[in-house]
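As structure tokens, one chain now follows by itself in the form predicted alone.
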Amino acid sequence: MLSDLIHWLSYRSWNEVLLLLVGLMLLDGPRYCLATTCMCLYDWVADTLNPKRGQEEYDHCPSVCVVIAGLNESEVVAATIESVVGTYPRLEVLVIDDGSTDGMSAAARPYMLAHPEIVRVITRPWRGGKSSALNISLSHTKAEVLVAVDADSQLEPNSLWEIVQPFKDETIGVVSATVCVRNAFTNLCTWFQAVEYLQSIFIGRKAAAMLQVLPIASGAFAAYRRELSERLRGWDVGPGEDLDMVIRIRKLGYRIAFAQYAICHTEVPTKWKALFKQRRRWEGDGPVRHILRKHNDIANPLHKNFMLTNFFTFLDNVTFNLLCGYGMVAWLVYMVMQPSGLGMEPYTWLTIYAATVAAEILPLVALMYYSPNRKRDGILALAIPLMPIYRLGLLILRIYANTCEIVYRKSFYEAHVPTHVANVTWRW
């Protein structure tokens, strides 16, 4: 079959080959290839010339308040608290029960009794959403750094030390961290997500931070300068509150760092329906709601806080998370309409599939270079031949979610935000 494919390609014109490449570059996988490869080569050379590079001791120790906000997380909140307590010296842990009905506060209270100087539990009688739960922390701590951790996520022992080190640089306002999938091998659905998290969060965000275009810190695990959060009067109504806060801090002139070895492990959806519901919410409130509507001033050269890095962040998000999706639709229509019948040729799609899989190889090399667990990640990488199919499904979902947000402002009606909160929110 390979010889037949090569023979078929040899008879294609340059225009047809270029057309195939256009479709390839509209997909997610190949797009990461160049940036991650260059980053890995740079770090490999730097590490070779200086073997002690990246082995600095933990010499920055600001006071930290870990905020664990959740709803109906009684089964997992204890493990989350255990993964935090005792891992850092200047530590407070604030558990915020956002109106749970399953006894989440009761599950957390024994840790407050065992560590009264560290752990506090706040129980709200009604649900206000994650944003308002995070905002409660601002009136209950004077710690220099706020670390937001989802109630179903567990940290590794050195994660808090890792995530605060970038704050040595006074220009850093937020530190994003690595989120790994704890239930990666449950089924094919979680396996795909685990590979995606490694590529997009572990490697992708490292590259974005290096290029200074990182627009987000994961809601599952991220660190913020408390005084900046107070200056901005806290988190705005979600969904997408993590993206929104990071962009607002960028607009103050601060940079966003990525701590690759500040690692938390979280559960991901095990069912396709739950995954699609989650991603529809994530995709819809990103480029349209927060980038194009609420924070489009980051692309305005006349704005008083205009920065080139913010402008490139705007271009990166709008181009790759919005326009590429619609560009793929236009490309597919154009391919099918080709008089030569190129769009109907089986070898056309086989070529694109093979090239997409090949484009995953160099990012995989980069992943293995940086990986703290090469055995696990090597096993996860066995799913890469099927990743183009998974990415295509997510691309279709992204197009649908963005369209719903453009037409209906769908993010303002998500169950993620309580109705009484969503009803008083300004529609951007």
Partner chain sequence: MTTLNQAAASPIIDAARHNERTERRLTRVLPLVAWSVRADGQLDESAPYGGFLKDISADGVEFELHSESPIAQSTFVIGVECPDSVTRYAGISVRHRSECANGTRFGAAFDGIANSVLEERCRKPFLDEKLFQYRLPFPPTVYESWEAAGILKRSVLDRVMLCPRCRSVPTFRFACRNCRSGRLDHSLLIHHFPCAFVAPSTDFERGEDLVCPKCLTKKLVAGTDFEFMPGEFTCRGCGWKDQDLEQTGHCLNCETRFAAHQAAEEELVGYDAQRLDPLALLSIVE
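None of the values given here were measured: they were computed from a predicted structure. Numbering follows the first chain given and starts at 1.
Keep in mind that the form predicted together with the partner chain is not shown, yet the notes after this line are about it.
Put simply, Asp236 is close to the partner chain in the predicted complex: some heavy atom of it is within 4.5 Å. Residue contact check for Leu5: none of its heavy atoms lie within 4.5 Å of the partner chain in the predicted complex.
The partner chain in the predicted complex comes within 4.5 Å of a heavy atom belonging to Arg248. Although the partner is absent here, Pro125 is a contact residue: one of its heavy atoms lies within 4.5 angstroms of the partner chain in the predicted complex. Contact with the partner chain in the predicted complex, judged by any heavy atom within 4.5 Å, is made by just one of Ser74, Ser131, Thr351, Ser83: Ser131.
A heavy atom within 4.5 Å of the partner chain in the predicted complex is found for exactly one of Lys277, His140, Arg255, Arg293: His140.
In the predicted complex, no residue of the candidate spot (Met25, Gln199 and Leu386) has a heavy atom lying within 4.5 Å of the partner chain. Listed stretches are 160-168, 265-273, 132-140, 339-347; the contact stretch with the partner chain in the predicted complex is 132-140, by a heavy atom cutoff of 4.5 Å. If you take 100-114 and check each residue for a heavy atom within 4.5 Å of the partner chain in the predicted complex, you get Arg109, Met112, Leu113, in sequence order.
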